[in-house]
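Next up is one chain by itself, shown in structure tokens, the form predicted on its own.
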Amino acid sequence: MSGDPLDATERDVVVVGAGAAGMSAAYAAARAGCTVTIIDANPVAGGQYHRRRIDAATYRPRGCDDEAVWRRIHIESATTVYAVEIIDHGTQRIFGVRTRGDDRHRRDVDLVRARRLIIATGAYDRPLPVPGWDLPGVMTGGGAQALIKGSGVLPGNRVVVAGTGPFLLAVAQAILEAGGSVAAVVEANDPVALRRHRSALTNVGKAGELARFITSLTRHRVPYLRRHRVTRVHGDTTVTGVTLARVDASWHATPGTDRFIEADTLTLGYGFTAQTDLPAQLGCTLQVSADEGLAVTVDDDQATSVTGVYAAGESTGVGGVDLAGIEGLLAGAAVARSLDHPSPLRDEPALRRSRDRMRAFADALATAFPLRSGWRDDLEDDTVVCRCEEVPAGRIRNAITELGAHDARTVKLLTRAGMGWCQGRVCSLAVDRLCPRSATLDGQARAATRPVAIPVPLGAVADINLQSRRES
């Protein structure tokens, strides 16, 4: 860990997240003359999409290739931000960014100060519960990609990729390129719906990419099963196969269509959930995005409702790596201007137009690949929903029907669903959708607001606070 937590100096900008959005934002701000620190939980920069092994080439976003600029940027890797706050500093607002080391050094806490804050924390996979999904061998699509990209390890010998959305194709392609075997891609929706959004696909050049994915599946003879859903995972100590069924437009399983596929691994992914923990701590305005998940509300400059705080990438709405990079550049430029530096971008209007087209494409995908309710109606009472606390669906339903719970927060208090190690990141979507008042802005915002974003030892926090008081 670098930097004295009691050092009176502060950075112009702290960027949280070293994916496409964060790295692009840092580059733009530094190029304009700002002092910049990037903080990221991974050992090397790149985020989820550009994840790489430690010995791989250093990640640089497209167009951000001036190494003289990068030498002025300080990157704290293997470091996680667990809280952000506003620190009174005379007439000028200063942000305090509290960090913790990785899982091997979690007592290494620090406090970094900044005049501006850019949040680019990305998103995480949205799985849905299914009987047997707590067996070893079941993981998210992002987890499978992380194994392949970050460690060069295949997730399994024979993989079923299931859920909804084009990301399933990207996961299957990554497995195939790494030499693995994909038993089937199981898509709950019907991608034919994308035809209604052909102009959005064409405007961002994605039609060719989707065609290449489909061609790759055909070449490897991988079945692409539309309007099918995994209804059960089989195995005793690990996955041995899955049962899937054809579903109707609401995702209810059609009787008599069950089929078994042998596999040792299942990846599940029903879209993504934007990481809004840190902006929620600061009181940034949140909104429900096109995919019915939470997102940080930003203006045309990527500024949030809290002065001095900017957001870019998936935290403002899930839209893909290209959109994230553009939003990062615009956020970095806006921050630079707010600190009286000239904009480092040559053609901001063109970037804004590209951003708007890509946002329209993201909205089209959300419309074409929605979450339906049939999985909820078919969910058996003994199916585990919260894997951390081992809370089954029946206990959640009992809290609703017998104990009067109406929202996810009350269910959490009555059943402990969402109180485990992941703090509801895995199960919150399912719990929320099981409740009568599901997918509301207030309910999701309460569930996403955490005073501490990740576990951190209380002793470590006490030590740094005690040291700060002694020096003040």
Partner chain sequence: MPEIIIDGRAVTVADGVTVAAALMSEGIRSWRTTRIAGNPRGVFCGMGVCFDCLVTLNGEPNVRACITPVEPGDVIDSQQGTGHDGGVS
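Since the model is a prediction, treat every value here as computed from it, not as a measurement. Residue numbers count along the first chain shown, from 1.
The next section is about a form of this same protein that is not shown, the form predicted together with the partner chain.
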property	result
Heavy atom within 4.5 Å of the partner chain in the predicted bound form - the one residue of 282, 139, 303, 222 that qualifies	139
The single option of 95, 251, 82, 133 touching the partner chain in the predicted bound form, heavy atom within 4.5 Å	133
Partner-proximal stretch of 123-131, 170-178, 316-324, 223-231 relative to the partner chain in the predicted bound form, 4.5 angstroms, heavy atom	123-131
Contact of residue 425 with the partner chain in the predicted bound form (heavy atom, 4.5 Å)	yes
Residue 238, heavy atom within 4.5 angstroms of the partner chain in the predicted bound form	yes
Non-hydrogen atom contact residue 381 with the partner chain in the predicted bound form at 4.5 angstroms	no
Interface membership of residue 99, the partner chain in the predicted bound form, 4.5 Å heavy atom rule	no
In the predicted bound form: members of 263-277 within 4.5 Å of the partner chain, any heavy atom	264, 265
